[in-house]
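One chain is shown next in structure tokens, namely the form predicted alone.
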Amino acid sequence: MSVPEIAIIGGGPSGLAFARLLEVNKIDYVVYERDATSKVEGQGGSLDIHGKTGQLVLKEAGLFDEFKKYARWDATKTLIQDKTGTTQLVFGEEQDSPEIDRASLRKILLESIPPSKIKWNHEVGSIEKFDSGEISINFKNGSSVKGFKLVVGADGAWSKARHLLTSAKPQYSGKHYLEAKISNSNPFHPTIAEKVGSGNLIAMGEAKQVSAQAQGDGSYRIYLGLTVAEDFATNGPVDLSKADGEAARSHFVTNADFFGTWGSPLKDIITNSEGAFRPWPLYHLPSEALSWTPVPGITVIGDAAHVSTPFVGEGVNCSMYDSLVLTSQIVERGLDQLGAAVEAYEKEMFERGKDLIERSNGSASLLFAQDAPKPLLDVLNASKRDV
């Protein structure tokens, strides 16, 4: 049985954007996605889509009008507060980086691709390259497939494709986020809505953070940022296993090692958040790893190529832009010159990916400083003077 020219591993933003761009350019492909169906609840929070990268991809994909139906240009404002809950800076109101819920972005991309092009419930177990040069994708359901001209790993930080290009693995950043929510029915909702509105709040100090992010349905995602060991969620001093999360909340707002000395307005956000905390340890590839020699028949895009910490807000934009660069190189050179197309894409991607990783790690040192937000404010004020 013949297979399409290109296989895409993963149905996240970069993989689906790449699929859509191939569709527009009439290049055959198939997407293998681990989820059983498209209906997955609670996928991520909100993403800011930048004009020169993420929005450009959506325009090239013919999806910008659909994007505008979900995009929230009124959600770009960010409040920076100190640990007392005092606002030190408000910025972002004029930025061309509207927010969109991750689930809405996925819906737009999925609906632009023929259903037959996506193979659900195909979680990859391994990807191997034979001496013949052929690449086999082996799924956990016991099936395998090969014969593609190009396999593109868009399968995230723990990519099963990346090992064919580099031995580098993501490194723990020293930072964790713990995610909770405040729903529309929560009695505290009017209070946080008055404070945060349709945008974002980030309070910082003592190498910690409390953040609130408005969602498209009016609810809020709450994030506690911590500088802790990698195994904090399983072996830390706080029990995160309880479904209601109440024991963890009590510990966080009463213990000085966490948020016990923080201002009441911020502790109220923690206390009134709902449900168990979802741990999100933050990883990044070492930037020097983005320098491998091209391998025929395989490449990676998105987090599989350059996973970074989220501290400059460009991860999804850089990932989606990968899809545009790779598609453009394939269209320019043709399917008979896929090797040259991949080499040109990777050369361009290496520089963007390194820059993203290094800037994000640099931002972490500001956002999680002991005396934050002072270092961040110093940098921002200095940049204003230089303008």
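So that there is no doubt, residue numbering starts at 1 and follows the sequence shown. Just so it is clear, the model here is predicted, and its values are computed rather than measured.
The same protein also has a form predicted together with a small molecule, omitted here; what follows describes it.
Remark: S319 counts among the residues lining the small molecule in the predicted bound form, judged by a heavy atom distance of 4.5 Å or less. Y32 belongs to the set of residues with a heavy atom inside 4.5 Å of the small molecule in the predicted bound form. For F188, no non-hydrogen atom is located within 4.5 Å of the small molecule in the predicted bound form, even though that partner is not displayed. Heavy atoms of A19 never reach within 4.5 Å of the small molecule in the predicted bound form, leaving it off the interface. Put simply, of K149, R102, K83, K129 only one has a heavy atom within 4.5 Å of the small molecule in the predicted bound form, and it is R102. In summary, among the residues I270, I135, L282, I108, the only one with a non-hydrogen atom within 4.5 Å of the small molecule in the predicted bound form is L282. Remark: of stretches 239-247, 226-234, 261-269, 149-157, the one touching the small molecule in the predicted bound form is 149-157 (heavy atom within 4.5 Å).
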